[in-house]
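Only one chain is given next, in structure tokens, and it is the form predicted on its own.
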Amino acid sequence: MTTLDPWGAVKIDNYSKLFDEFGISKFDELLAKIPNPHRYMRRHVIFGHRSYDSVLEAMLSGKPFAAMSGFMPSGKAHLGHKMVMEEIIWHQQQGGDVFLAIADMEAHAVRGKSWKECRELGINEYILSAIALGLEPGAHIYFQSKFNPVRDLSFELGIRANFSELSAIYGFSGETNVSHMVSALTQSADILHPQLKEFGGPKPVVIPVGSDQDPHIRLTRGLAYKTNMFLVEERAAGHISIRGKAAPKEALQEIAKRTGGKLYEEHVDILILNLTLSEVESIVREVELKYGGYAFMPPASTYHKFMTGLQGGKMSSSIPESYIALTDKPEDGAKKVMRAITGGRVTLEEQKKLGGEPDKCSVYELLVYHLLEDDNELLEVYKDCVGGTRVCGNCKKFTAEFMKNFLKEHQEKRELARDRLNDFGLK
């Protein structure tokens, strides 16, 4: 059975297993409905989702939605982090409200980073790079340890969670420190807090992640249900049940009246359905907010494939030669590309005869994920590779030059971003 570990270095070879084992839906089924899809969507780098249709519906209808992600400031920001930043920025460009957390509580509890290190890494590595990549003012950027809405909400969520549940999801043991457990709940609060009243109330919120982060999503979706006053279930065609968990009797009465349902002691049944499930859920959220509840919508998520490490295996922050940092010197980034493992054959003769294997090539992956925006240009590279007319040495030089130019331009924009920190409420 596949194991997903947010803090480990799990390499998932067969993404299709996730659809069956963890209930992740295929993203391709939504692709045709998305205007101006990001290249990660077009190129199937984003392969799965949970509840993204709710985000897409809001996007298409002009209703409020949000995108949220967090970064643990434990080391250098690299191309893997850039993927998430770009997904967040794309959602901001589509009209979404954006939230970016610096998970300093997690870095302090799990990685032993000092608060000063967390602050410096958070700004100098992650925030500056996000702004340089296109994040605009209006985005909510915060450090967990300094942000009361998240800290207060994590305390409330802790009432609904227990050690057995956290242990089952994360593999916590008797040796796990309590602050590590608290940091997991804090991440759930990160994910849910964009739906608090002070941030516009309940709305679809998408969390772009690698599939190793799905335990956070599953925990948070469960906590959202537990925290709400009401649970809405479609039991069969034309039958919706609304159960109130310690909800005021008056709230159940109002739901029954507004939906045309029949009121029982602790639930409302709607047997003759004149409303859609979505309309019923909307009414229930309005009533819950009126009576002081949270009315959280379960958070949505998208899942992108892992980048391959430049020397094979998974890209890892603990192996500098496996990744290119956004603050690497442009010349060093180019050198890493030249040393990277390719999908080429053993000899030039075999390459010309059999063609290369771009699906096994970390250099080609750099072009797919980061360096070539034009799909037609990328297709030509692919055809030349599998056709045996593209030699790995020349392809490396081609990609290394792109990488060098990208890093140079990005780092120039990072310096300009320093002057814009005040625009984001940071000093």
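Because the structure is a prediction, the values reported are computed rather than measured. For every residue, the number given is its place in the sequence shown, counted from 1.
Heads up, the form predicted together with a small molecule isn't pictured, but that's what we're talking about next.
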inquiry  = Is it the case in the predicted bound form that 77, 125 and 129 each bring at least one heavy atom within 4.5 Å of the small molecule?
reply    = no
ask   = Out of 285-293, 298-306, 189-197, 155-163, where are the residues with a heavy atom within 4.5 Å of the small molecule in the predicted bound form?
value = 189-197
inquiry  = Looking at 322, 144, 211, 228 here, can you tell me which has any non-hydrogen atom within 4.5 angstroms of the small molecule in the predicted bound form?
reply    = 144
request  = Just give me the single entry in 310, 326, 103, 242 that has a non-hydrogen atom within 4.5 angstroms of the small molecule in the predicted bound form.
outcome  = 103
task = Examine residue 68 and determine whether its closest non-hydrogen atom to the small molecule in the predicted bound form is within 4.5 angstroms.
result = yes
query = Does at least one non-hydrogen atom of residue 118 fall within 4.5 angstroms of the small molecule in the predicted bound form?
reply = no
query = residue 219 near the small molecule in the predicted bound form, any heavy atom under 4.5 Å?
reply = no
key: Contact test in the predicted bound form: residue 252 vs the small molecule, heavy atoms, 4.5 Å   = no
